[in-house]
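In structure tokens, one chain follows: the form predicted alone.
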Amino acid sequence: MPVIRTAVAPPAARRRGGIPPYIPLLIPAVAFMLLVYAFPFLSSIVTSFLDQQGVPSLSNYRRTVDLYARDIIFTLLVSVSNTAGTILLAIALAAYLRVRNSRMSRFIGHVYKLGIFIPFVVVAQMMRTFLAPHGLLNVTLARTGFIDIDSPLQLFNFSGLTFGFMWKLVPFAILIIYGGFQMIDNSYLEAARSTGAGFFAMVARILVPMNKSSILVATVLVYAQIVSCFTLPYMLLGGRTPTTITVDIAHRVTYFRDYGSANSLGVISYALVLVAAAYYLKTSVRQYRQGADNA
């Protein structure tokens, strides 16, 4: 029986050598991204290398290092320590929600999502009320006899900032990590239970190794949010030093109209985030290549 072969006509755009029909649909979105994100990003980098006369110079960076070197180090310490604490706590809670099936785990599973939808400015105001020298926390501790209300805990500092960041970002990290944990088949957990593995063994040997990608995504996103956050450090630390880079940027623009130093601080914050982004891309590419080789 003869085989009838039919030729499939190429797309019209490919046949004529023209532009694919979906390209015009992407123009508004691409133009918006270039106008809102790419142009300010490149403009701030260029301006940071120009002095007040518009001459290429490193004077902005020298001034930034002289005035704000301590704040840059403080920003890095706050970002790294809070990211590590947030991810570790999120892994523990997400693993608890995945492994345990109790009334408490179901309650936590419903409640933890509430913090995701509260903006940072609201969280900052909540933290000011809760952590103030005569706020809710100190008054409660004083009434239970743990502290003297005349010598309250001073939490408008690194400790209070850590509490605020973790309160806000742990639910966000749980949402990402728990989603990855749910993709792990129950047979692995049942096999671990049958061999007598406890909760920590299942987390360390099954959940975390099989969910590195979502944990890495959560880590990068949490770190980027902490570096770029302005309202929480501004409202908790106020005019105290050291403070974060974002507060310094607002200070240079508002009081001195010094856009050159503000842009140099912005470039430094870009660099802090780009390090994490580069590590994420490198790890993702390596995992993709390993998966392709195994396939």
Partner chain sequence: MHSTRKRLIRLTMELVLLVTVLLVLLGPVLSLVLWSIAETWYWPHALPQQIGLQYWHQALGIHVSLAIGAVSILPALLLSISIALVTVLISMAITIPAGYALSKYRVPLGGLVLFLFLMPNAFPQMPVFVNLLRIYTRIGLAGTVPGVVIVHMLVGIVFGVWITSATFKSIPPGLQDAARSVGATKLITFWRITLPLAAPGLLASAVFVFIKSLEEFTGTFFVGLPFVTTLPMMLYSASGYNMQFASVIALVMLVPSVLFMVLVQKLLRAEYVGGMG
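Since the structure is predicted, the reported quantities are computational estimates derived from the model, not experimental observations. Positions refer to the first chain, counted from 1. For clarity, a rigid core is taken as the largest C-alpha set superposing within 1.5 Å between two forms.
Not on display, but discussed next: the form predicted together with the partner chain.
For a residue to qualify, one of its non-hydrogen atoms must sit within 4.5 Å of the partner chain in the predicted bound form; all three of Y22, L114 and V273 qualify.
Taking non-hydrogen atoms only, T254 approaches the partner chain to within 4.5 angstroms in the predicted bound form. For the chain shown alone, G179 is not a contact residue for the partner chain in the predicted bound form, no non-hydrogen atom being within 4.5 angstroms. G239 falls outside the set of residues with a heavy atom inside 4.5 Å of the partner chain in the predicted bound form. Though the partner is left out of this view, P28 does reach within 4.5 Å of the partner chain in the predicted bound form, counting heavy atoms only.
The stretch from 180-188, 106-114, 207-215, 68-76 that comes within 4.5 Å of the partner chain in the predicted bound form, counting heavy atoms only, is 106-114. Contact with the partner chain in the predicted bound form, defined as a heavy atom within 4.5 Å, holds for exactly one of L88, I149, V80, A201, namely I149. With contact defined as any non-hydrogen atom lying within 4.5 angstroms of the partner chain in the predicted bound form, the contacting residues in 29-53 are A29, V30, F32, M33, L34, V36, Y37, A38, F39, P40, F41, S43, S44, T47, given in sequence order.
With the core held fixed, P28 shows a CA shift of 2 Å or greater between this form and the one not shown. A277 is among the residues whose C-alpha shifts by 2 Å or more between this form and the one not shown once the rigid core is aligned. Compared with the form shown here, the Cα atoms of V285 and V203 sit 3 Å or more farther apart in the predicted bound form.
In the predicted bound form, the CA atoms of A204 and T283 move apart by 3 angstroms or more relative to this form.
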